[in-house]
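Shown below, as structure tokens, is a lone chain in the form predicted on its own; questions about how it binds or moves come after it.
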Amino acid sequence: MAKAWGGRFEGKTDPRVETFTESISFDARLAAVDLCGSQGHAKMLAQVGLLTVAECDAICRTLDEIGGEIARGEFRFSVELEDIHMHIESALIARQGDVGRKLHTGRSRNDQVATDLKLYIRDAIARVDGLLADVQRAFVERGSGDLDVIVPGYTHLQRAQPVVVVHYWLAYCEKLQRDRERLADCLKRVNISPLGAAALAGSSLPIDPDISAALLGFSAPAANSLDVSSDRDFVIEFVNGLALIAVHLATWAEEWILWSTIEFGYLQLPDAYTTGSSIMPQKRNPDVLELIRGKSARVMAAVPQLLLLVKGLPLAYNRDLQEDKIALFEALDTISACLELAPAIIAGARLNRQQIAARLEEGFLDATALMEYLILKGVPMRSAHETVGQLVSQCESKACRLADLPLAALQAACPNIMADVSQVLGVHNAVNALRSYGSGGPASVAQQLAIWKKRLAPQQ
């Protein structure tokens, strides 16, 4: 097959080089956006007079035919044609002759590839945002039924203060919302059209990048052709956003893996997302959550891979950039698979309410509430902290709770303590005492749950 760049060369390419340099094995998935970008470019060429309307129609019609063949699996790929861009152009030329040869007028593979990647990532942002919203809805939809469940909140994996369990669900909604906002912000930089930059210097032909940008739904054309040819910031930014999603999913997976152990016993995972052991018949393994936690490493690893790829490259295009797609596709495929499974796991998990309640009073979860009670009675914070610490030490020596200490013992530690201290002692009183905005108390959590329900409701 003739090379698009073969006019300069007399000898044939070493077959090993063709195998080494091909990218069709992984960039074939760009076919749809390459066809879209080429049709936008052709329509711009027609509007500025570099193609006739009939030529543009013939090109767009043939590109649609090629796209149909690719979608149906009828299109033949070959390493000799290197990448998806040359496959489509070669097929167009084979069917349209000189008309097909005009498509690449005023365009290089450099700005073509950048355009394809931006179109692809733009679509990917929309898909990932939808998957993130599905995970958020799964947490919110189970929220109303879980409002009566109180669990320990932890720091350093040690029991700290009690919270309504829905506070945990909404914490993940907040994290995923930041992920969505990051992707939305990334979209602003993705949505700048590279078309018109050509190889690196633009073109002497009367092309109009504003037209092609508008046709393809970009907000504006890029202002510097040299920058366009080398820029992969938008790929790195997008993948970095995926890496943070992976961090949040791994944190959730780790927490629910712990919660599903006999040692915690907080929840039971649905059968469809757990597996057994080949030798131990009693086992119920959280394999899907473990793989979500494990696969997050693939997504995170894509960020340094891309940073190292572009580090030190001179302006403008360098063939190194062909490798960006491998990291991009791997990260996107992995995070998408994780997000697709998460909602069903969240919806299907069952809280072990009795087991949670049976141990809820362990760990002095009301200690901070008692300290804040003393602060309200006029005791300086550090003094209140020390007093409650001493009372906890007494309870440990007596194997009792703070609420079990007689009022006289409490007053011996601090005369500011009155009979109304009973209103903050015990886990239920302690959690009900939480009142600050965004806190884990029942009123605050119910308020935030209502806000999330409204936020995630389908748009009319």
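Sequential numbering from 1, following the sequence displayed. For clarity, every value in this text was computed on a predicted model and none was experimentally measured.
This protein has a second form, the form predicted in complex with a small molecule, left out of what is shown; the following refers to that one.
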Picking from His85, Arg159, Lys102, Lys295, the single residue whose non-hydrogen atoms come within 4.5 angstroms of the small molecule in the predicted bound form is His85
Contacting member of Arg109, Arg182, Arg122, His248, with respect to the small molecule in the predicted bound form [4.5 Å, heavy atom]: Arg109
Does every residue of Asp27, Val113 and Arg319 put a non-hydrogen atom within 4.5 angstroms of the small molecule in the predicted bound form? yes
Can you say which of 210 to 218, 146 to 154, 311 to 319, 381 to 389 gets within 4.5 Å of the small molecule in the predicted bound form, counting heavy atoms only? 311 to 319
Just checking whether Arg137 would be counted as a contact of the small molecule in the predicted bound form - the rule being heavy atoms within 4.5 angstroms. no
Exercise: Ser444 in contact with the small molecule in the predicted bound form, heavy atom 4.5 Å: no
Although the partner isn't part of this model, could you tell me whether Lys175 comes within 4.5 Å of the small molecule in the predicted bound form, counting any heavy atom of the residue? no
Flag Gln448 as yes or no: does it have a non-hydrogen atom within 4.5 angstroms of any non-hydrogen atom of the small molecule in the predicted bound form? no
